[in-house]
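Just the one chain here, laid out as structure tokens, in the form predicted on its own.
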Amino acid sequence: MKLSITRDNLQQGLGAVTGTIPSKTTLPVLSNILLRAEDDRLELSGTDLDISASVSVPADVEAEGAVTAPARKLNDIARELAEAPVHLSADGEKIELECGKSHFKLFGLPEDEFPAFPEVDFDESWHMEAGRLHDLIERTSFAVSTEESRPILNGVLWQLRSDHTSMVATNGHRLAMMTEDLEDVNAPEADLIVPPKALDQVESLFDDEEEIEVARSENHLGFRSDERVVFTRLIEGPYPNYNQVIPDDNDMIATANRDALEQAIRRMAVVASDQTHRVRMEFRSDVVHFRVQTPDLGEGEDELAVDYDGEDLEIGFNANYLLEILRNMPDDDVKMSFKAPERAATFEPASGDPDYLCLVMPLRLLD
């Protein structure tokens, strides 16, 4: 294999696929990126066996071929290269890289040791605008669980219906759900549980303006465009019936400026407990009062004007959960609804557009 490539194209390709490389593995080849040169393109591929990604970038190919190279080291080298053409060659498992006065030699592994990508049939695919898919991912995936005791909650539920699609994520204490209308997409009706790491790859690899082709096999999902492809293993099992926990009788309604509310909670979070992150919120007519008391640390108070319709309410929340919700709220104003101090609260765009809802379970208040 022998080729020349611009530094920027090499950096772009490496940066796109290194996210799939596992930090620790008992299989040495998984620490490598597969480099394949053919047809004036350099294709770079990485996998951790659950998630696989491949990117093709322009290159001046003198001799076609393939080899696997140590991903982290090659990426670190590429980041430090001068702005000059990069000459890359491989003879067997020995890889040489030259750029300006810089010269590196690395030892890789044979191409045939690299795992094959999953077989996903794109003959029955459907298409989505990348920007719309990015929006669904960004506003929901933050709410997934990171606890291994309930692996089904470690994924994002992607629901496909004839005229709309939804993504839902929850860790049992908070939930985020967004729905988008679909027109002429021809997606199959399905409930897919997708690892958030795979969705992160979709967000980073595909530009907003691109159209993504999506297809599934029995237990894999594939996303591709002309130069990029991502495959992921689906999480198997039934997703909990999240509709059961979304309240439909919350009748205490508060509306506030999203940025002002976020800033007030951020201030309170500074002195909140490192264990509970609890912030007390007292809603009264046209105002919400914030209070934090943390033994051995101190206390804080703040106040914010809101539009509030309901009885006086005192309720506690994990400040970190609220901040994540507000960072992803797609509106300048947020509508909050409550029923009682021990009942789930909901947060939505005050305008009602887009169709987005977050739910948070309150924390018990201790005097």
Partner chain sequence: MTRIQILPDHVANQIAAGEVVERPASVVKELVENAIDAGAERVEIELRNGGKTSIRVSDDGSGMEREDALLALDRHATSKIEEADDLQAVSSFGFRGEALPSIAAVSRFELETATGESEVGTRIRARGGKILSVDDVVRRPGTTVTVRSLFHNQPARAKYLRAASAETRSCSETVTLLALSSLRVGFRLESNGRELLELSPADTLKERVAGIWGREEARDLLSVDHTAGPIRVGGLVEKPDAARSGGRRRYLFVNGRPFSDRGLVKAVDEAYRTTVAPDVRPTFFLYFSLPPSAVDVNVHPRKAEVRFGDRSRVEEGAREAVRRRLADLESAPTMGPAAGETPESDGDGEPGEGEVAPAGEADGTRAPLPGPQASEGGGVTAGEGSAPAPSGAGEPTRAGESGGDGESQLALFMRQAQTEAGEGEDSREVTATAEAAATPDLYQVHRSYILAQTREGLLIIDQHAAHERILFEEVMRHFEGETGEASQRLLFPLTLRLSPAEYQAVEELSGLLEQVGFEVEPFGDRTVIVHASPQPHPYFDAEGCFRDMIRELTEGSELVNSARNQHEKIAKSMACQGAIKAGQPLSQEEMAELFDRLFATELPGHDVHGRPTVVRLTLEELERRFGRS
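Numbering follows the first chain given and starts at 1. As the structure is a computational prediction, the values presented were derived from the model and not from experiment.
Heads up, the form predicted together with its partner chain isn't pictured, but that's what we're talking about next.
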Partner-contacting position among 188, 131, 240, 151 - heavy atom within 4.5 Å of its partner chain in the predicted complex: 240
Heavy atom within 4.5 Å of its partner chain in the predicted complex: which of 174, 216, 280, 224 fits that? Just give me the one. 174
Looking at the partner-bound form in the predicted complex, is residue 1 within 4.5 Å of its partner chain by any heavy atom? no
Does any part of residue 274 reach within 4.5 Å of its partner chain in the predicted complex? Heavy atoms only, please. yes
Is residue 359 near its partner chain? Define near as a heavy atom within 4.5 Å, in the predicted complex. yes
State yes or no: in the predicted complex, is some non-hydrogen atom of residue 112 no more than 4.5 angstroms from a non-hydrogen atom of its partner chain? no
Can you say which of 139 to 147, 216 to 224, 190 to 198, 113 to 121 gets within 4.5 Å of its partner chain in the predicted complex, counting heavy atoms only? 139 to 147
Within 4.5 Å of its partner chain in the predicted complex: residues from 193 to 217 (heavy atom criterion): none
